[in-house]
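Presented below, as structure tokens, is a lone chain in the form predicted on its own.
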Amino acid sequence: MATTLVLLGHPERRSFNGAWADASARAARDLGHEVLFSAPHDEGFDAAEGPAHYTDPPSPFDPLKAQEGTLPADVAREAARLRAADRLIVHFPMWWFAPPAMIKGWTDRVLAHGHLHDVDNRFDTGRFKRLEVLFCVTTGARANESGPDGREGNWQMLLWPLAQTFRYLGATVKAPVAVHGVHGYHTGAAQEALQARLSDTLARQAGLIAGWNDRANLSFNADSDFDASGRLRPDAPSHSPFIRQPG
């Protein structure tokens, strides 16, 4: 039986992001998956890494060295969930052109050096090659503002650092899903139209999860695409503007 971990990165459990995460959990259960649900805001998870989390932190504080030791209880809980998962569905809003601090802090602390990765176990040799990850994202901006030529910036490129984070672990990252124009300032017909779109998204989530295997995967460079210095080989392909041939 597969295990799906749903991670909610919104502070309001009653938000659309919360309802969308619940829809993902229901869909996975309906497929017979064991479902784990992580709501860090509700579970007292501290997103800011620092020496206060450790009983004997190195001085000066070095997070990589600190993480090699005994993990704090909240990190150990989240890491155990991640280790158990075959699929990870991350629900969050885009705030200031990036995932919110809770999601960034969750990766900073939970993806602990020496436990979930190390120098010899990353990218193609990562420990999470069985893990498949899907981002379900909301933006406050309209869809046409969030595309490649939009003034808000391409929402999919804004997700690249988070996708690369899970690629670092060895995971497969699915093409993300976004619902645009989600904010609390709509009124009248605009509010009704938004609610119809949100309801439709929730209704279609079961189908999206059921079609998981048919969803495209994001492309990343293989380890062999880089030379001994870590630079992209001249004959290697480029899958993102973040890693490309110079010039």
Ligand SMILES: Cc1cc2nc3c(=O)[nH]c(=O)nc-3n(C[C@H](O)[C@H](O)[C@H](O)COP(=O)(O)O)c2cc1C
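Start at 1 with the first residue shown and count on from there. All values reported here derive from a predicted model rather than from experimental measurement.
Just so you know, the form predicted together with the ligand exists too; it's not on screen, but the next bit is about it.
K.L.:
Please determine, with the chain shown alone, which of 74-82, 133-141, 162-170, 108-116 has non-hydrogen atoms within 4.5 Å of the ligand in the model of the complex.
P.N.:
Contact-bearing stretch, as computed: 133-141.
K.L.:
Could you tell me if residue 126 has a non-hydrogen atom within 4.5 Å of the ligand in the model of the complex?
P.N.:
So residue 126 does not count as contacting the ligand.
K.L.:
When the contact criterion is heavy atoms within 4.5 Å, does residue 176 count as touching the ligand in the model of the complex?
P.N.:
The answer is no: residue 176 has no heavy atom within 4.5 Å of the ligand.
K.L.:
So in the model of the complex, is the ligand close enough to residue 94 to count as touching (4.5 Å, heavy atoms)?
P.N.:
Close contact exists here: in the model of the complex, residue 94 approaches the ligand to within 4.5 Å, heavy atoms only.
K.L.:
Hey, in the model of the complex, does residue 15 get a heavy atom within 4.5 angstroms of the ligand?
P.N.:
Within the cut-off, so yes.
K.L.:
With the ligand taken in the model of the complex, which residues across 143-165 come within 4.5 angstroms through any non-hydrogen atom?
P.N.:
Contacts from 143-165: just 152.
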